[in-house]
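Just the one chain here, the form predicted alone, laid out as structure tokens.
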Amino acid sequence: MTTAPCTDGSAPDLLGTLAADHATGALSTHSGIFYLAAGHVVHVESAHSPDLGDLLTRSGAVAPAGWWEAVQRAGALHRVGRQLVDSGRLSTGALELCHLGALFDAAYFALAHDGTALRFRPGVAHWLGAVRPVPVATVLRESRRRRDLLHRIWPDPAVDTAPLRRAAGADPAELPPRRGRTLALVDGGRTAAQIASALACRTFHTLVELRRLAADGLVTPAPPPPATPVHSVPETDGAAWDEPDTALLRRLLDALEAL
């Protein structure tokens, strides 16, 4: 599979170029992957946002067994979304609505926290398949709108990705229901994505509540854990243990995604 490095431009600029070229493939950034077909965005993934399967199964829209059956039956054909509809597990409208929300949530993270793209892999398709392609300009505009809105609520983006802790004395029962449910899950370890997943809620809605909680002084990013002391490592055959090769792990992940 051909991999074309893209290290000389921002992700928004490269997305615009790929849209103009009607490109098909996957554009990776440090915090997400954009899947394009004929210059339109068909799916976005980010580790900072629950994926579509998580949202569908946790909300009860699709049973976990039904979701995994669709993945097993149609994943290799890149038709998982179509399989969910054809099997009667989900209506077309419900799938499109949930997928669009997940796409915009993941795109916000893939663009907001680092603007530099790493590479574009031509021809790569996501196993979900196209649900409703979205113009690149629409994805970029929605991401900017979300960034601006969240900044007006509370300007520190660390709330979006860091583990969060609750201020002493903060009582979820004293807050509006949605905000109280969100605060109740802040435990010093969970991130916004994990809280959204536990609530079976869209990530952006959760971010709005968390930024409001931060603005009220009820939530702050948790301090990093204390550094682990470094101990000497015994050598074997004259060579010390090396850290895992990150580049090799990334290549293995790319190969698995291409299967």
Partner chain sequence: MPGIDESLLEAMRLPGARGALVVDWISGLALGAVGEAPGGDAEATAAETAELARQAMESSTLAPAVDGAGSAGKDRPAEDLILTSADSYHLLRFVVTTFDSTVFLYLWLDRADGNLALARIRLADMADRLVLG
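Since the structure is predicted, the reported quantities are computational estimates derived from the model, not experimental observations. Numbering follows the first chain given and starts at 1.
One more form of this protein exists, namely the form predicted together with its partner chain; it is left out here, but the text below deals with it.
The partner is absent here; in the model of the complex, the one residue of 176, 189, 155, 135 having a heavy atom within 4.5 Å of its partner chain is 176. Taking a 4.5 Å heavy atom cutoff to its partner chain in the model of the complex, the contact residue among 181, 119, 79, 166 is 181. The chain is drawn here without its partner chain; in the model of the complex, the stretch among 139 to 147, 119 to 127, 68 to 76, 157 to 165 whose residues come within 4.5 Å of it by any heavy atom is 139 to 147.
With a 4.5 Å cutoff on heavy atoms, residue 208 counts as touching its partner chain in the model of the complex. Although the partner is absent from this view, residue 202 contacts its partner chain in the model of the complex, with a non-hydrogen atom inside 4.5 angstroms.
The closest non-hydrogen atom of residue 112 lies beyond 4.5 Å of its partner chain in the model of the complex. Its partner chain is not shown here, and in the model of the complex it never comes within 4.5 Å of any heavy atom of residue 42. Residues are counted as partner-facing when one of their heavy atoms sits within 4.5 Å of its partner chain in the model of the complex; in 42 to 65 these are 55, 56, 59, 61, in sequence order.
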